[in-house]
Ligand code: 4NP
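One chain is shown next in structure tokens, namely the form predicted alone.
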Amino acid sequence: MNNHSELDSNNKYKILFVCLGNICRSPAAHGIFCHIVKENGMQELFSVDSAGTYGGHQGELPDRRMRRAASARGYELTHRSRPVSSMDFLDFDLIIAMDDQNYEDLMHLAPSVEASHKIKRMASYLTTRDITYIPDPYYMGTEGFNLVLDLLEEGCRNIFSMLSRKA
């Protein structure tokens, strides 16, 4: 489904989460959103993936610290890192950037004005915190990974709520 107007069982709404290396934030958002979709029995309505603006971790599992923090909350992160491709702008209905640099990089990669309209900031889906980006937990320690998971859980719940109302 490419027009954002409705969700139906014939066409899955496709969401791509994007961060820098696709080893912390975006695979965590990917796993959280898939968990929410499964909990609500709506797997037939959504297709979810994640990617990075930097391809240096291609093929790797998410960072072990993120996998450990996510596992403690019941999320299994098994996605293998991949870089954003030009086809992503055609294939996905919504492309969600974790921070301003990811957003700007995606805007430069977008092949058309229409494609750029698919790009949104994850922080725009937060309602209980006044922040403009999802911080990269890579150098933040355990507290950073837990903070990022808190933010992603809220953002993913709000995205799901917004989209499922259209179902």
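Sequential numbering from 1, following the sequence displayed. All values derive from a computational prediction rather than experimental measurement.
Although not depicted, the form predicted together with 4-nitrophenyl phosphate is the subject of the following passage.
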Query raised in the report: Going by a heavy atom distance of 4.5 Å, is Cys156 a contact of 4-nitrophenyl phosphate in the model of the complex?
Result: no
Requested in this report: Look up in the model of the complex whether Leu149 has a non-hydrogen atom within 4.5 angstroms of 4-nitrophenyl phosphate, and give yes or no.
Outcome: no
Requested in this report: Answer with yes or no whether Cys24 is in contact with 4-nitrophenyl phosphate in the model of the complex, where contact means some heavy atom within 4.5 Å.
Outcome: yes
Query raised in the report: Applying a 4.5 Å heavy atom distance criterion, does Asp136 contact 4-nitrophenyl phosphate in the model of the complex?
Result: yes
Query raised in the report: Which among 54 to 62, 123 to 131, 38 to 46, 104 to 112 is in contact with 4-nitrophenyl phosphate in the model of the complex, heavy atoms within 4.5 angstroms?
Result: 54 to 62
